[in-house]
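What follows is a pair of forms of the same protein chain, given separately as structure tokens and numbered structure 1 and structure 2.
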Structure 1
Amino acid sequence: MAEDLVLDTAIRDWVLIPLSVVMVLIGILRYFVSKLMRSSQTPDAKIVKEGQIVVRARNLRAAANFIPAKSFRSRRAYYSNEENGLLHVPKGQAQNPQAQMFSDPNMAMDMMKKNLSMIIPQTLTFAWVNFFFSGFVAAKIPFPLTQRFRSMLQNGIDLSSVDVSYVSSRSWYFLNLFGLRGLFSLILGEENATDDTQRMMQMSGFGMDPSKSLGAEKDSLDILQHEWALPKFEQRAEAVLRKLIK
């Protein structure tokens, strides 16, 4: 049976609150440092155009059932035509993003700056937490959890008799690291919020061919089955109004 612990208020004052405040301040400082290190360069017009085409094609797929079948077919042909469709990319025109990175030194430098602004603060902060706050039970979740959350919430504590709802100081660091996006959105703005998970996804997805997004959107648009959702909507609206009047 799991034991209940009585947490000392000194742990709250000297571990939980300082760790949370430091994580917020480091996130804000990292945002301004990365903003200063960011080089001012105009985006590639072709990349911006391809991104806008993909967004417009997705909007067409999302609202396809609200336009007549003839209008949908004409719009789909405009995007996915094999000769001059906007989503059609000839085989010889596909770009290699890695070759583009090596040809543009500014792109490689920006990528290195982003990686450094993420890796160095995380490494130093984790070393600080591991040295000063390792082994503390910092908080308790106010609702019961299953045993699967033990490895996530009790990192650094090897006590199977402790209830799963207790959170170690090292796990509290990781929870703040990946869970402060909402707070950063309020402080820095939605578009400028520092999100480590998003940056990791960008790092793992670096090197992907941007033309593949056009091809994937073209395939999705080609296999879409159109079913007009508003047949005889005027008659149906009139019938509803007549029922309301009666």
Structure 2
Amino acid sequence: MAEDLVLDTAIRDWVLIPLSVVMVLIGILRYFVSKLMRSSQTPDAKIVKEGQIVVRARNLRAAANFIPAKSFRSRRAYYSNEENGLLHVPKGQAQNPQAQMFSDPNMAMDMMKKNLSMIIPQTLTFAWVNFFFSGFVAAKIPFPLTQRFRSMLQNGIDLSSVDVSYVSSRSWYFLNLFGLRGLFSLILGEENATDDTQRMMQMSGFGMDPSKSLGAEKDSLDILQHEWALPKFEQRAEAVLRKLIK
């Protein structure tokens, strides 16, 4: 119903392509900057130990039936007794990650560095795009879309009469921001392509609490029923040997 808009080729040459190129260049630049700022953090002995305890307790839980009952009981007591068991976390000592973050300036510093390398270039480019390219209809996608996509594709243009398949310059910026991951992984190597969406996920997953996994492991160990599997093996061995002799 709406008649086609004719886009000036100058828009393509001076808005669409420069915007994409700049986004790519900024992505690469940011990769190198964050590589420079990355500090190799040395893990804390306590955290390493907790991880190892969890692994060992999990092994015990999985293969408990392979060791004699006496050995199992002594191990369980060693892990989960209330005084000094390995898995027992004294109340109050289980600090939440937020408090831990504040007590450890290094961690906060790390987060800040990550944030700096992410937020500052983003704000700057957004301001830049807003200043120079606001209000352009920069491109047209070759298929029709429903009205719901208007806010996604025509950010910055408040005209309801324009067909939704036209993309505004600001939306083109957003599309580039989130859509260039494949290109980065091509340029920078597979594992180096950390785009913003992924980083945000990492941030939200930050608050993992090791003491919680210790407690969970302790609980599941406490309710475990030990049933020695070895007596069965004697019969199985007999069967194996019978087969072998035949």
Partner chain sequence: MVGASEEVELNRLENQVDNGGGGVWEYLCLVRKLKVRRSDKVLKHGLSILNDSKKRSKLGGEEWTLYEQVAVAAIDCQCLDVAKDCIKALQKQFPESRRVGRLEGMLLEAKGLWADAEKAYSSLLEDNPLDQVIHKRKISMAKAQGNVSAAIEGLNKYLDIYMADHDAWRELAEIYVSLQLYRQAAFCYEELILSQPTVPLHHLAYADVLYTLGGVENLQIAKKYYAATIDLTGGKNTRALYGICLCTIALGQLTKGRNKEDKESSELHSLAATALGKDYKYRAPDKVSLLTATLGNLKLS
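FYI, numbering is relative to structure 1, first residue = 1. Please read all numbers here as calculations on a predicted model, not as lab measurements. If you superpose the two forms and keep the largest set of C-alpha atoms that fall within 1.5 Å, you have the rigid core.
Working note: structure 1 is the copy from the form predicted alone; the remaining copy is not. The two forms, fitted on the rigid core, differ between the two structures by less than 2 Å at the CA of residue 160. Here residue 78 counts as shifted, since its C-alpha moves by at least 2 Å between the two structures after the core is aligned.
A movement of the C-alpha atom of residue 9 falling short of 2 angstroms is seen between the two structures when the two forms are aligned on their rigid core. Taking the core as reference, the Cα of residue 229 moves 24.1 angstrom between the two structures.
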